[in-house]
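Presented as structure tokens, the chain that follows is alone, the form predicted alone.
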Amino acid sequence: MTHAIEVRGTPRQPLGMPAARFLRNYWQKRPLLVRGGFPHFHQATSADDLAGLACEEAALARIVIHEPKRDRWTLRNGPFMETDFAKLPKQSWTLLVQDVDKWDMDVAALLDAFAFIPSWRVDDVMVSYAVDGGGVGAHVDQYDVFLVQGRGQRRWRISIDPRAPKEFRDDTELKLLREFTPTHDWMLEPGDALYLPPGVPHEGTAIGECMTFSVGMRAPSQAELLLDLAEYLAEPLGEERRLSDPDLRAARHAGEIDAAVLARVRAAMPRIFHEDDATLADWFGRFITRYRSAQVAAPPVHPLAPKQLAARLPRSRVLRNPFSRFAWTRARRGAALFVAGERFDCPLALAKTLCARRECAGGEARKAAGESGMAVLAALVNAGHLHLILTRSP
């Protein structure tokens, strides 16, 4: 069956089709160009706001400069100063700022269109501003990405040739492709979007000034998963548990590692690939909700006891800290709620409520917590993972 590579989106279906069809036919399988699916997000932020954020110490910002005549690429890392922007050339440079959704609620609203993807799978919204000719060169990403066009126009070229070479250049610190021969060439207008699964070679070039919103997914490598799981399993093991061989027999050949040795080594190590679901879920929940940057939640000046919190909730709204990742899994009769790498056992209704939206009514959170979950709710507020916004006076 042939699947269209270009469709038109609507307000009800920004990707031009039901989520189930997109996941079945495109997700991690093939690219998709959507025309007009996101018509209002060009107003989410401005170039000046983005430049201001790039000057903040806590922001993750980069500037990529291209010299077309020499095909030379330069990467600069932030934070930047206002004077840095005044010294940039008139053409062929790009400012990229990651995690803009954590700082700007209007940008964060873009994620609502992708609510059909588990929230722990979403990494961030990176926003780029480019002058004419600006881009980051031909490259591949190892994760899914939705490239939503904001202001201006950007030309995207991609290759879906499975035989396309993917060797990298060695003359730049950017991971750029040595060769790139596109199979498709599109001009994206404000509100258009391009979905790319992992490993698709692509190159975006600004036509005049433009802004692009990149919704990137989390895709830990197998090596990263294995190393973290090994550390998780090793942490509770004491020093007294060591490789032993009470059944040792006289060696036939000096230095030989035989089958009996390997069997003892295997028995001395945790059974990484045979852990029960509860252990695996506990590790993965902690792992996937840890934030990759140094940003940590700041606790409030005055902590609240569960009873004090219960009294305030009916006249408040509860907001998640944008830097705190939330996920949950069923556990016993309730749920294990994972927040920023920590586990909190709580009622299932509370886990679902806190993970469903970035903001909820305080009364809704109070009802979901019940009496048994108020201590967890208070712990999250006192750790800075949740914020209370007063909506009316007592």
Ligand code: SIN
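Throughout, we count residues from 1 along the sequence that is shown. From a predicted model like this one, the values you see are computed outputs, not experimental measurements.
Note that the form predicted in complex with the ligand isn't included here; everything after this is about it.
Engineer: With the ligand left out of view, which of 212, 98, 92, 321 would have a heavy atom within 4.5 Å of it in the predicted complex?
Structural biologist: If I apply the 4.5 Å criterion carefully, the residue I get is 212.
Engineer: Looking at 147, 177, 188, 313, which is the one with a non-hydrogen atom within 4.5 Å of the ligand in the predicted complex?
Structural biologist: Result of the distance check: 147.
Engineer: Based on heavy atom distances of at most 4.5 Å to the ligand in the predicted complex, which listed stretch, 313-321, 68-76, 256-264, 135-143, is the contact stretch?
Structural biologist: That would be stretch 135-143.
Engineer: Does every residue of 102, 120 and 289 put a non-hydrogen atom within 4.5 angstroms of the ligand in the predicted complex?
Structural biologist: None of them does, since no heavy atom lies within 4.5 Å of the partner.
Engineer: Just checking whether residue 113 would be counted as a contact of the ligand in the predicted complex - the rule being heavy atoms within 4.5 angstroms.
Structural biologist: No, residue 113 sits far enough from the ligand in the predicted complex that none of its heavy atoms falls within 4.5 Å.
Engineer: Applying a 4.5 Å heavy atom distance criterion, does residue 156 contact the ligand in the predicted complex?
Structural biologist: Residue 156 belongs to the contact set for the ligand.
Engineer: For residue 193, is any heavy atom within 4.5 Å of the ligand in the predicted complex, or not?
Structural biologist: No, no contact at 4.5 Å.
Engineer: Hey, in the predicted complex, does residue 126 get a heavy atom within 4.5 angstroms of the ligand?
Structural biologist: Yes, residue 126 sits close enough to the ligand in the predicted complex that at least one of its heavy atoms falls within 4.5 Å.
Engineer: Does any residue in 189-210 get within 4.5 Å of the ligand in the predicted complex, counting heavy atoms only, and if so which ones?
Structural biologist: The one in contact is 202.
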